[in-house]
Structures are given as structure tokens and as C-alpha cells.
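One chain follows as C-alpha cells, the form predicted alone.
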């Protein structure tokens, strides 16, 4: 949870929330749904309208996500119901988690999903690391993601590996390396250039 708060919320969402009343967010790797739930909570605080697209080729089973205690740790309005909806909602169909937060998720790989051009303000790149899933951390994938982002859009990831930085730079991103979460020296924050 500390990593998600530091990398995706503080360096991602909070950095854009004041600029945009409406935010389009892409998450590569929905996983446990933690980033989505934390973003939902933050959107209520900032009063943003959020359109959240999540890509997950290997969704958790009901038993797996049901054993997580996130709704108890992340208290707040809509938390229990929203956490269940994040996991139980139908793939490929947009749903409203709240009146200002819409979610659509895809049961597919980033390589296979058609992404619109120049839509996203913010990308949470939360795939397993390059050593575990090297096919997700390639120049081709980052080029595809970059095309889907607006100029000035932000991509955040916990990875600060040299090969990841080089691929992002080759796609025209300007890199920043803020301090990482506890136990990690730095993370990567990439801003899409013009």
C-alpha cells in the first residue's frame, strides 16, 4: 500500500488532479485493484471526474481478491461496494463505481488491446518487473502507450531499471526520478513530450 500511495497516487494522480476536472487514466496491470481503489478514494477528495481503464490478462480469483483486507484498511465512502465491483464487473463494459468514477477493464494483454490515440492524462504502469515479464517493458509497448497519451501526460512506475528508462526516453518521454517508496531508492515518472 505504501508503494501504491507513493508511486501511483502521490507522483501520479495528485500531480494532475488540480489541473484537470476530468482525468482519463490507464492502468497496465489491475492486479489486486489497489491502485483503482486508492484512486477512487482520492477522486472523491479532489472532486475529479475519472474515467479509469484497466488492463489485466490474469484476473484474480474471487477467493484471492476476497481474502484481501483493503476495504478495512482503506476506510471511506463506497469502499466495500466499490472493491467488489472492481473485481466482479464485466470485462469490456463501463460501470460507475460512483457518480464521478467510471471503470472499464479488459481481460487481455496490453499488446492486444486497441487503445485510443491521445486520450490518457495518466498511466499507471504496474506490471510485474522487467525481469519477470520482459515482454511488457519493451519499446513497442511503451510506444503504444505513448500514442494513447495526451501531450504532457504522465506515466508512473516503480521500476527505475536502465533498460526501462532508455525505452521511455526513446519514445519521447522526459524522465524524472523521485524518491521511491520505503526500501526503494527511486521510481520513474515520465512526462510525454510534444
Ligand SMILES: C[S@@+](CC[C@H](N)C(=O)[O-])C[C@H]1O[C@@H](n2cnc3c(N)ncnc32)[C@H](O)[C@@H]1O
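Residue numbers count along the first chain shown, from 1. Note that the coordinates shown come from a computational prediction; the quantities given were computed from them, not determined experimentally.
This protein has a second form, the form predicted in complex with the named molecule, left out of what is shown; the following refers to that one.
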Quick one: does residue 97 come within 4.5 Å of the named molecule in the model of the complex, counting heavy atoms only?
no
Look up in the model of the complex whether residue 32 has a non-hydrogen atom within 4.5 angstroms of the named molecule, and give yes or no.
yes
Would residue 80 count as touching the named molecule in the model of the complex under a 4.5 Å heavy atom rule?
no
Consider residue 130 of the chain shown here, and say whether it contacts the named molecule in the model of the complex, taking contact as heavy atoms within 4.5 Å.
no
Answer key: of 136, 164, 154, 146, within 4.5 Å of the named molecule in the model of the complex (heavy atoms) is 136
Only one of 146-154, 165-173, 52-60, 39-47 sits within 4.5 Å of the named molecule in the model of the complex by heavy atom distance, namely 52-60
